[in-house]
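Have a look below at one chain only, the form predicted on its own, in C-alpha cells format.
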Amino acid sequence: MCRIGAIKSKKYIHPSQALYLMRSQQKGHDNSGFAMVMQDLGGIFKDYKDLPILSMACTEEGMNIVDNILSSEGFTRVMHWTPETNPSPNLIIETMPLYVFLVLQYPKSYKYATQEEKEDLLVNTRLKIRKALEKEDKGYVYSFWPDVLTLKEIGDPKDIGTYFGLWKENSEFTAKVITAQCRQNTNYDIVRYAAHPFFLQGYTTLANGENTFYEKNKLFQQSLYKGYVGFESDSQCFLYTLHYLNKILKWPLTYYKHTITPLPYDDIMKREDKAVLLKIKESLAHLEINGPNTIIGAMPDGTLFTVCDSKKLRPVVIGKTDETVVITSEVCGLNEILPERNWQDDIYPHERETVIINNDLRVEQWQQ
C-alpha cells in the first residue's frame, strides 16, 4: 500500500515535516519515489503570491525549449530558484540535470485580462511545454500556477530528502499546506508524472489504493477538458473528477463523494434530495470509482478533505492541534510530527463520510 499525508497549518512549515510524516510509515512504501505539492508559500516565494510559478525537472536542452516557449508567449522572469543539491553515489535516486522553479510575470497583453483568461493561459502554456519536452524527451513540467510549487523524484524518499537538503529545516522554503506521498505508481511504469500528488488549476489529490474503474473513468474524462492528459496512474482520475465537478460544473464539494461512490439505489430513494442524486448517478456514472482507496484533496482556497472507498479498505486518520491539522495513512505519522496533540480527538473517517479542514482549521464531518 501507498502512504499519503497532508499538513495544513496556521504558520509556515518546512517540507521536512512531510518527510518525517512519511518516514514513520516507511513500511508502507517501496523506495520508488517521493513527491510533494506545496501551496500557500512562504519564505522566498511569499512576496509573489499573485504570480505563477513553473515547477519542472529537465535537461539543459529542455531548459532552452521552455525558455523559448515562455518568451514566445510573452512571459518574463521575476525570480529563478534552483535548490542546492547534495550528490553522492550512495544515494538511491534517479536525478535529472536541472530542477527549476520560475516565478514569472504575465505577458503585458494580459494586464487587463480576467482571472479566467489568465488561468486558461497557464493551462495552455503548461500543456505546450509538456508536449514539447515529451517530444524531445527533455524533461517534465509538474505545475504552472500562482503560489504553488511541485517536486517529484524517483528513488528512496530518505535519499531524495538528503539530495535536496530537505531534512534541515529553514525559513526560506516553507508553505502552509503540504501534501506528500512516498511511493510511485506500482500498477504501471515508474515515471515522474505518475507520482502523487497530482495538481491542476489549484486542485490537488493523492491516494492510497487503486481505482479498478480506471479505464471507464479515463475514456470519459479525455473528452471533458483539455487539461485531462497523461493518465499515467489510475489515481489521476480522482483529480480530474474533482476538477470537473467543482471547477467546470461549479458544484460544491459535497457532491464529490456522491459522484465517485454513489449511494445504493434503495438508500437514494429514501432521501429528500433523491432527484439530484439520481441525476448524478445517471449522468456521471462513468466517474464512479471502485477498488480499495483513500483520497486526500486540497482545494484552490486551501481547504483540505479526505474520503474513503465505499467499503473502507484503506486506512486514514486525522489529528490536530490549535495550529496544525494532519491527514495521513497511519497514526504513527501523527505521533511523529504532532506528539503534543490530544490523541483521543483523532478522527478515523468511515466509508460514507467526507472530512473537511477549513482555513481556520475547523474540522467538519459530512455524512453522505
Partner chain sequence: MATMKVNELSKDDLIWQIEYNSDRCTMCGQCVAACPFSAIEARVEKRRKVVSTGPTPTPKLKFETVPVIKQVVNKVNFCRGCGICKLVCPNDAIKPVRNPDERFAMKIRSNTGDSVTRGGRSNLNSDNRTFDKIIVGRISQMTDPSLDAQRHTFDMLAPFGRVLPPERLPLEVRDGKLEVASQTPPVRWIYPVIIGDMSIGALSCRMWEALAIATAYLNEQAGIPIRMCSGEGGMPLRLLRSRYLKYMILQIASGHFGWNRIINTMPEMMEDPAGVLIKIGQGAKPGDGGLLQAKKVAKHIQEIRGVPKADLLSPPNHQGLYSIEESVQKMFLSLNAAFRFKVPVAIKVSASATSVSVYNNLLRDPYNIVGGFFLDGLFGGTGAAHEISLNHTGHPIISKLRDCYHAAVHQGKQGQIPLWGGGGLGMTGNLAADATKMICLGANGVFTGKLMLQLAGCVGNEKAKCNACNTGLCPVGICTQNPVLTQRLDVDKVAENVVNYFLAVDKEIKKLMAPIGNSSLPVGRSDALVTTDKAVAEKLQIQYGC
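Positions refer to the first chain, counted from 1. Note that the structure is predicted; figures quoted are calculated from it, not measured.
Here the subject shifts to the form predicted together with the partner chain, a form of this protein not shown in this document.
Peer 1: Find out whether any non-hydrogen atom of residue 290 is located within 4.5 angstroms of the partner chain in the model of the complex, and reply yes or no.
Peer 2: Yes - in the model of the complex, heavy atoms of residue 290 and the partner chain come within 4.5 Å of each other.
Peer 1: Find out whether any non-hydrogen atom of residue 121 is located within 4.5 angstroms of the partner chain in the model of the complex, and reply yes or no.
Peer 2: Answer no; every heavy atom of residue 121 is more than 4.5 Å from the partner chain in the model of the complex.
Peer 1: Are any of the heavy atoms in residue 252 no more than 4.5 Å from a heavy atom of the partner chain in the model of the complex?
Peer 2: Answer yes; at least one heavy atom of residue 252 falls within 4.5 Å of the partner chain in the model of the complex.
Peer 1: Do residue 46 and the partner chain share at least one heavy atom pair within 4.5 Å in the model of the complex?
Peer 2: Judged by the heavy-atom cut-off of 4.5 Å, residue 46 is well away from the partner chain in the model of the complex.
Peer 1: May I ask whether 23, 81 and 85 all come within 4.5 angstroms of the partner chain in the model of the complex, judged by heavy atoms?
Peer 2: Spot residues vs the partner chain: no contact at all.
Peer 1: Only one of 135-143, 209-217, 101-109, 152-160 has heavy atoms within 4.5 Å of the partner chain in the model of the complex; I'd like to know which.
Peer 2: Of the stretches listed, the one contacting the partner is 209-217.
Peer 1: Exactly one residue in 282, 94, 117, 169 has a non-hydrogen atom within 4.5 Å of the partner chain in the model of the complex; which is it?
Peer 2: Exactly one listed residue reaches within 4.5 Å, namely 282.
Peer 1: Heavy atom within 4.5 Å of the partner chain in the model of the complex: which of 299, 332, 313, 63 fits that? Just give me the one.
Peer 2: Here the answer is residue option 313.
Peer 1: Sequence order please: the residues of 260-286 with a heavy atom within 4.5 Å of the partner chain in the model of the complex.
Peer 2: Those in contact are 263, 264, 265, 275, 276, 278, 279, 280, 281, 282, 283, 284, 286.
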